[in-house]
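In structure tokens, one chain follows: the form predicted alone.
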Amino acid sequence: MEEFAQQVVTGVSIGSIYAIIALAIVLIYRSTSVVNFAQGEMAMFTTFITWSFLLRMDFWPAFLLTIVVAFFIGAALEIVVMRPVERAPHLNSIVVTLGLLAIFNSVALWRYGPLQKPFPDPDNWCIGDSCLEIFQGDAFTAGAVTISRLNVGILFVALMIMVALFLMFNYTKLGLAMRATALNPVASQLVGINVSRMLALGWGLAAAVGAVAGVMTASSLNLSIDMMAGILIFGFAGAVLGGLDSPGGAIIGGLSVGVFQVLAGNYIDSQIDLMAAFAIIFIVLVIRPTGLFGRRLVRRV
């Protein structure tokens, strides 16, 4: 039983990264009804930007500056690349995101090279002499179950992002305008909402959230060109499981995929990780296409 509990805790800590990238996928889908297959490579590229900033400043200033840069990159991509094809069939938009995936990967390879780069763990949050040891320090232990402070910090960041987005979408005019745009762009435009601005904002937020996922992944592993390839697949599985239009579902789906991955690898075979992710996507799409928490579409005849 203790071994099982340890595996679940490990799965939750791994799934927290999947949850963040799933949340970024959901943000774009809610705004534009497009699945961004370049989300992982965008996160990787902005993490290399963080690495460049870290050569000149401390971790948290570099992290916050990267989020700002990622936001503007995402908004610019929507305006320059995605907007010309927004009225085209969805297949066109999917092909464009696949093209963005190749572009970001190639530019990162050209600019930063193929070798892995060491990436520091986030610093603890300190105000004066008081520090909240949430990212660095001895691991948390409860009986035979152990979890590192870095994994606790990543889970904490994922939950903070979810809470912030929940408050924004439900209690601010900007968030309500984004929700209205996602539900009915034509009606939103008729009541005075700038739909184009909302779409750019959705891409910007998704890119910023993706940058957080990239930084957390690099802190757990090392920074490399291909570090987000597997993460994107598991994050996509989490988004599908939770529901592509549900931010809360993305968090729960990502955590669930992490737990399922660890349990399957420990009790079945360690080589079935990717197969498990695709199995989740297939089963959910067959049984409940909108995911566990997604809205069901009702067609009236």
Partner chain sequence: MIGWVLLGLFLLFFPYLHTWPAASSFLDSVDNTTGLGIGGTFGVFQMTTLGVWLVILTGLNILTGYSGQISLGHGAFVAAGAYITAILLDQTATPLVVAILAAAIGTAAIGFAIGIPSLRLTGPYLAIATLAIIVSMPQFLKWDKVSEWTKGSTGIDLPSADVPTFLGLDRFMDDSQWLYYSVMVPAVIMTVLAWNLTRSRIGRAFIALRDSEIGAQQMGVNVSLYKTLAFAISALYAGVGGGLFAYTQDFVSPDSFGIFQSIEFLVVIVIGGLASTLGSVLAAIFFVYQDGVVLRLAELIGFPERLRWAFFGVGLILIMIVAPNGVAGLVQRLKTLRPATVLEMLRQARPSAMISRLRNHPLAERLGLGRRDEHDPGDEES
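Rigid core (definition): largest C-alpha set, two forms, superposition within 1.5 Å. In this text, all values refer to a predicted model and were calculated from it rather than measured experimentally. Numbering follows the first chain given and starts at 1.
One more form of this protein, predicted in complex with the partner chain, exists but is not displayed; see below.
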Find the only residue in 96, 182, 152, 208 having a heavy atom within 4.5 Å of the partner chain in the predicted bound form. 96
Heavy atom within 4.5 Å of the partner chain in the predicted bound form - the one residue of 91, 167, 160, 139 that qualifies: 91
Using heavy atoms and a 4.5 Å limit, would one call residue 100 a contact residue for the partner chain in the predicted bound form? yes
Under a 4.5 Å heavy atom criterion, is residue 40 part of the interface with the partner chain in the predicted bound form? no
So in the predicted bound form, does any heavy atom of residue 107 sit within 4.5 Å of the partner chain? yes
With heavy atoms only and a cut-off of 4.5 Å, decide whether residue 58 touches the partner chain in the predicted bound form. no
Each of 81, 114 and 237 near the partner chain in the predicted bound form, meaning some heavy atom within 4.5 Å? yes
Just one of 64 to 72, 45 to 53, 252 to 260, 238 to 246 has heavy atoms within 4.5 Å of the partner chain in the predicted bound form; which? 238 to 246
From first to last in sequence, which residues of 157 to 185 have any non-hydrogen atom within 4.5 angstroms of the partner chain in the predicted bound form? none
Taking the rigid core as the reference frame, is the Cα of residue 12 displaced by 2 Å or more between the shown form and the other one? no
